[in-house]
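Single chain ahead, written as structure tokens, the form predicted on its own.
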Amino acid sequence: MKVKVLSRNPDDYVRETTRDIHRVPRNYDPTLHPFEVPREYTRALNATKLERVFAKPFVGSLDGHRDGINCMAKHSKSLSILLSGACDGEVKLWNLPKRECFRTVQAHEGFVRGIVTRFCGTSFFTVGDDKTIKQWKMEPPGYGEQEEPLNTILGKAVFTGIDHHQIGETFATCGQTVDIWDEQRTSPIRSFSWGVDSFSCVRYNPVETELLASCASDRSVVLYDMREATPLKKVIMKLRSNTLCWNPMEAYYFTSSNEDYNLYTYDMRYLDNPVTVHMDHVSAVLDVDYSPTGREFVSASFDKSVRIFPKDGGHSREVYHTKRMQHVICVRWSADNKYILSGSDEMNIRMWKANASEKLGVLTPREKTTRDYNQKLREKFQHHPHIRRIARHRHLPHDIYKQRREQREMRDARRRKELNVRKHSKPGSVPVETEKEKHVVTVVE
């Protein structure tokens, strides 16, 4: 004879303390919850709307320069220190949490063209229009001491950029040639040139530390290996690249900012076509910097805006602008992945949140749970038309909006003309060119 007995474990429903929340038994069988998806959709819609409501990315501005900011550098060891160089030869060191300048150096006559910190964070290097490279102590001078550089190197031509090796005592400069310098010597240990007038930017690879890349005035991006006597190869594009930045997580990928309003991500092993073409700016892109995670990068443009792109996305996920901000010359992504710093023509450095709607400060466990739940809901319903429209919408200044519309019309006209030419030509005589193929002229090895 079978006897069926109901048995309950008190641990499943009895609270441990009177302050604890009541335990509720739940059955996750979908047939018992027919309205779960509509309920989740409503929550996702509300979460998306609230994200746009709370999207206030601007954190603060750093005032103090008396001329436009031309270059910036992050401290290699400290999150709270930023270095900036202006067009009047002045270098300022900033304390970011306090948003104040704690040191000013009159480094050069004319523009400060480049600034970089040493890998150990004890000193920094600057180059300027006065044809000098100067090394400065990171610590301010003591009481009664003069502000003097540790080392000064006089070059033969104007230097336009500088970058330091990630782990070694060498640094690279660019101007009429790309030069590799040892910190202990006053002449370059190696010089690279490839029939080019001048170079505008040079960058060390943060992963494969012996590799360099530079942007040249003949519309090319040139790759070098310090272990070899000659450059590796170069890709020549339709228009000139201004700056480039290596992906800190994927050794072979780099992104270059171009005069044709686009950014191009390349795999250095296959330079025939870019991996991705990033479009959205309506004027020349002047600077680019990767996030420490390598998943996104930020770009600064002459169109007075800052945009954030996913590394494999063709369009930006975020655009930042203010009424007062003029042409954005330089931009940096902070090493803790939380902030973006932009320097512009009107003598201001602005601090933005990398995630516009993120709440700053300490979050309670319940706030963290809600944030993560809302994020998952937005990801689950991100392709629904209504939610996608709300999540993608950004208010743009009238000038940018008008220029985007004009460029769209021009692009459509070019596409129509190309289709008409192909339709009235001999089959195969007018090949179909993809967007990636249009911008590369040739690769020279």
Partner chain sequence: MVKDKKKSVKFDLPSKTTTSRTMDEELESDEDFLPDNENIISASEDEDASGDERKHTKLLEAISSLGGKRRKKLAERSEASLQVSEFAVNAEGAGEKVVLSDLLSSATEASRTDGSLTKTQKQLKNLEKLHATLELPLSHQQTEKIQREAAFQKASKEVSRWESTIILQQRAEQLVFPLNQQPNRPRRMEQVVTSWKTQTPLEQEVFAVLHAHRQPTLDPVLTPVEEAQLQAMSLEEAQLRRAELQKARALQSYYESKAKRERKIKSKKYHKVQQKAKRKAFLKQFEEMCKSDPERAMEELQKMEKNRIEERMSLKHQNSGKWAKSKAIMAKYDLGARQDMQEQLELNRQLTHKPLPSTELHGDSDHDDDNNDPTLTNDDQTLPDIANDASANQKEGANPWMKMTAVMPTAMEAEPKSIVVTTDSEPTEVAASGGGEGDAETEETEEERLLGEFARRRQLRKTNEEEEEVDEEARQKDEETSQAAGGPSISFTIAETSEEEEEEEDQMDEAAASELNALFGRLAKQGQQDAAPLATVGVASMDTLLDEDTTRVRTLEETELLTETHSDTAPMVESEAVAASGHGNKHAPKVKRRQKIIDLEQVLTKQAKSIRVPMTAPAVEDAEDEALDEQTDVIREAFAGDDVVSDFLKEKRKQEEASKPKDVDLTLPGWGQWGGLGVPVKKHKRRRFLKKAPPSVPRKDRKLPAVIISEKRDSSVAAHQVSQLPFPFENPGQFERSIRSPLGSTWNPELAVRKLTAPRIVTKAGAIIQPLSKDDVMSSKKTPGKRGAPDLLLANVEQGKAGHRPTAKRKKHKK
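Treat the numbers as computed from the prediction; the structure is a model and nothing was measured. Positions refer to the first chain, counted from 1.
The same protein also has a form predicted in complex with its partner chain, omitted here; what follows describes it.
Under a 4.5 angstroms non-hydrogen atom cutoff, its partner chain in the predicted bound form lacks E406 among its neighbouring residues. In the predicted bound form, no heavy atom of P141 sits within 4.5 Å of its partner chain.
At the 4.5 Å threshold, heavy atoms of V158 stay clear of its partner chain in the predicted bound form, well away from it. Among heavy atoms of P248, some come within 4.5 Å of its partner chain in the predicted bound form. Note on contacts: among G175, G128, P231, P274, the single residue with a heavy atom within 4.5 Å of its partner chain in the predicted bound form is P231. When you look in the predicted bound form, the only residue of T322, S200, S123, Q166 with a non-hydrogen atom within 4.5 Å of its partner chain is Q166. Partner proximity in the predicted bound form, defined as non-hydrogen atoms within 4.5 angstroms of its partner chain, places exactly one of 415 to 423, 39 to 47, 394 to 402, 64 to 72 at the interface: 39 to 47. In the predicted bound form, its partner chain lies within 4.5 angstroms of at least one heavy atom of each of the following residues of 188 to 217: W194, P206, V207, E208, L211, in sequence order.
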